[in-house]
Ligand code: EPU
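Just the one chain here, the form predicted alone, laid out as C-alpha cells.
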C-alpha cells in the first residue's frame, strides 16, 4: 500500500480550490478499501472520501487522509424482456456512463446528461434534472461500513431517497464508502420531456424526440447555462431548490406573479432557487474572485484565486437577501469541507 504525502487537491475539486492534503490514497478495488480501512494511516488520521470532487468546497488545507474513490467497471448482471441491470463502479464518470447507456440503446438517464461527478456520489445526493431523479433507476447501492469494515448492500427503499437527499446524507453520513451502484434501465425509450425547456430545445435543434436527442438537448441547455469547471471553477448548482407549502407559494404569487415553482406533492411546492437569487440582483455579481455566474444565478464561481471562505461569505449574503425578500431559506447543495 502506497500513501502519498502533501498532495495538491486543485485538480481533484471542480471549484479549483488550491489546497493540499497530508495523505492521499487512490482506491481502485473493494479489496483495497478493506485494506486501507485496516491501516494505521487510516486509523490515526481524519479522513475524507473523494469522488469526482464536483459537489464540495474546500475552505482550507485538509489535515488528514484523502481516499480517492477510483473503482471502475460496468457489468451487466441480469436482463429481463424490457429491462437490463447494470452494476457500475463508483469511480466511473457520471456523464461518460450516461453516454455509454445511450450508445447501448438504454433509456432512463438521458435527462441527467452532463451532470458533473462520478457514479458513486449519484445516490448520496440523489442527483436529478428535468423531471428525473437517479432514485427512479437505482435498485441497489453497495459499499463498505467504515467503522465495522464490513461490506453492505442496500436496496432502493433502504436508501431513504428524497429530494437531493438519502440515508447517506443522514443516518449513514460519513459512515460508508460506496463501491458499486446497480441501475435498472429500460430497453425501450422512456421519453420524459415534461419540462418545457427540453421540448423547446428539441424544436430549436429540429430534432425528433428520442433518447439520444433528449440527451443532446439537455447537454446544449446545460452548456449554455452552466460554466465549464475546466474554464471557471464551480460545483454546478450551489443551492438546493427550496420546498415550501403551496399556501405560502400562493401568497407569494400575489406580490410576485412570475415566481417559478413546481408542485412537489399535494401540499408543497418546489421553488426555483435560481429565480429567487436572480430577483435579489445577484446574477453576475463579483467580489474579488468569488462571484455568481452571469447566466445562472444558482451557480457560484471561482474566477481564479478565490478562497473557500470567500465563496462561503458570498453564499451567506445571498441566503440572507433571499430570506429578507421572500421569507424563504435556501440551503447549500454542496458539501463544505473545513
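The structure displayed is predicted, hence computed values, not measured ones. Residue numbers count along the first chain shown, from 1.
One more form of this protein exists, namely the form predicted together with the named molecule; it is left out here, but the text below deals with it.
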Check your understanding: Taking 4.5 angstroms as the cut-off for heavy atoms, does residue 278 touch the named molecule in the predicted complex?
Key -> yes
Check your understanding: At the 4.5 Å heavy atom threshold, is residue 274 in contact with the named molecule in the predicted complex?
Key -> yes
Check your understanding: Wondering, does residue 296 line up within 4.5 Å of the named molecule in the predicted complex on heavy atoms?
Key -> yes
Check your understanding: Though only this chain appears here, would residue 95 touch the named molecule in the predicted complex if you measure heavy atom gaps against 4.5 Å?
Key -> no
Check your understanding: Only one of 207-215, 230-238, 243-251, 154-162 gets a heavy atom within 4.5 Å of the named molecule in the predicted complex; which is it?
Key -> 230-238
Practice item. Answer yes or no: in the predicted complex, does the named molecule come within 4.5 Å of a heavy atom in every one of 3, 64 and 150? Key: no
Exercise for review: Sort through 195, 85, 100, 145 and report the residue having a heavy atom within 4.5 Å of the named molecule in the predicted complex.
Suggested key: 195
Review point. Which one of 184, 104, 72, 225 is close to the named molecule in the predicted complex, taking close to mean a heavy atom within 4.5 Å?
Key: 225
Practice item. Select from 122-154 the residues with a non-hydrogen atom within 4.5 Å of the named molecule in the predicted complex and write them out in sequence order. Key: 125, 128, 129, 130
